[in-house]
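Single chain ahead, written as structure tokens, the form predicted on its own.
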Amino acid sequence: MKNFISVHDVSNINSLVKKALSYKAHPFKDRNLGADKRIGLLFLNPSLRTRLSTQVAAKNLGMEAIVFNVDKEGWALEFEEGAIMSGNTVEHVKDAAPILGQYFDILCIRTFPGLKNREDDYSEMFIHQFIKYAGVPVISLESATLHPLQSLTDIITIQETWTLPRRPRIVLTWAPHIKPLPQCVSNSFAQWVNAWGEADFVITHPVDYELAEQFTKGAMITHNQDEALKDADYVYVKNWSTYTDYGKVYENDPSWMLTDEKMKLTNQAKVMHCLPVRRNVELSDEILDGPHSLVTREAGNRVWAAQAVIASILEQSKS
């Protein structure tokens, strides 16, 4: 594995999941793999689980992790090629990234979409510019369109909790929110479940909340949430803003919030969410605090997903 930006960087999802679960059972078994190496974590927007889990994972492998909050501690970066830097940006990525590549053995980047211009966001210019100029492996800690570490975590959590000899039915359902949110987590979850290919996958959302087909192709899509929830084994809850008329909120219908009453339609489904979650807006307290919730377990698995990815990159660099 050279970089980790999407599911396309993974040759075998099940093998990577197995590696992560092996680290969960034995966190320090490769404590010398990253000895005398440094990993840089650059954040252009805030993080809690992604930051801390990646730091813990790197430490488990013997690496030194250094965090830099670009949005608060650094110069405003320019990413456009040929830009005339007479505005607010102070340093170009083609000047900053090669230096970071000298400081670190692996560079991790967390960016965020502007939700203003779909073409700009979906070009993934920020993270691709770091890959172009840094000269070291790059791991996405979330980009404008995808969140691969979260999605790997989700597949790990499903695999370790699924025990029946049949394919699980997995439902990704839209949820209300008070403001427009990116499509990153939803795009990524759809991409990974489709690539994994070992589940019956359904996506449900209100009219006009379609995601990009490049991520959802292969899933069944319905605007009827009750229909989608019927016989579900896992329900992944997430809000996202509109894709076609980009970055909008058309409605905030509370009837889309998952409740115990709606869970009666499922096959005693487990409920997942990437966190943070707005309680009693996206998900009810009764779900989050009840026996169906996997959100705490899911968040804990972020460490093992990151550790498996970092270890895979370190191993390739030694080969």
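Here the structure is a predicted model, which is why all the values come from computation and not from measurement. Numbers follow the displayed sequence, beginning with 1.
Although it is not shown, the form predicted in complex with a small molecule is what the next lines describe.
Asks: Do residue 262 and the small molecule share at least one heavy atom pair within 4.5 Å in the model of the complex?
Replies: No - in the model of the complex, heavy atoms of residue 262 and the small molecule never come within 4.5 Å of each other.
Asks: Residue-level contact is defined here as any heavy atom of the residue lying within 4.5 Å of the small molecule in the model of the complex; does residue 150 satisfy this criterion?
Replies: Flag for residue 150 set to yes.
Asks: Does the small molecule get within 4.5 angstroms of any non-hydrogen atom of residue 46 in the model of the complex?
Replies: Yes.
Asks: Check whether residue 284 has any heavy atom within 4.5 Å of a heavy atom of the small molecule in the model of the complex, and answer yes or no.
Replies: No.
Asks: Hey, of 286-294, 268-276, 59-67, 246-254, which bit sits against the small molecule in the model of the complex at 4.5 Å between non-hydrogen atoms?
Replies: Every other range fails; the passing one is 268-276.
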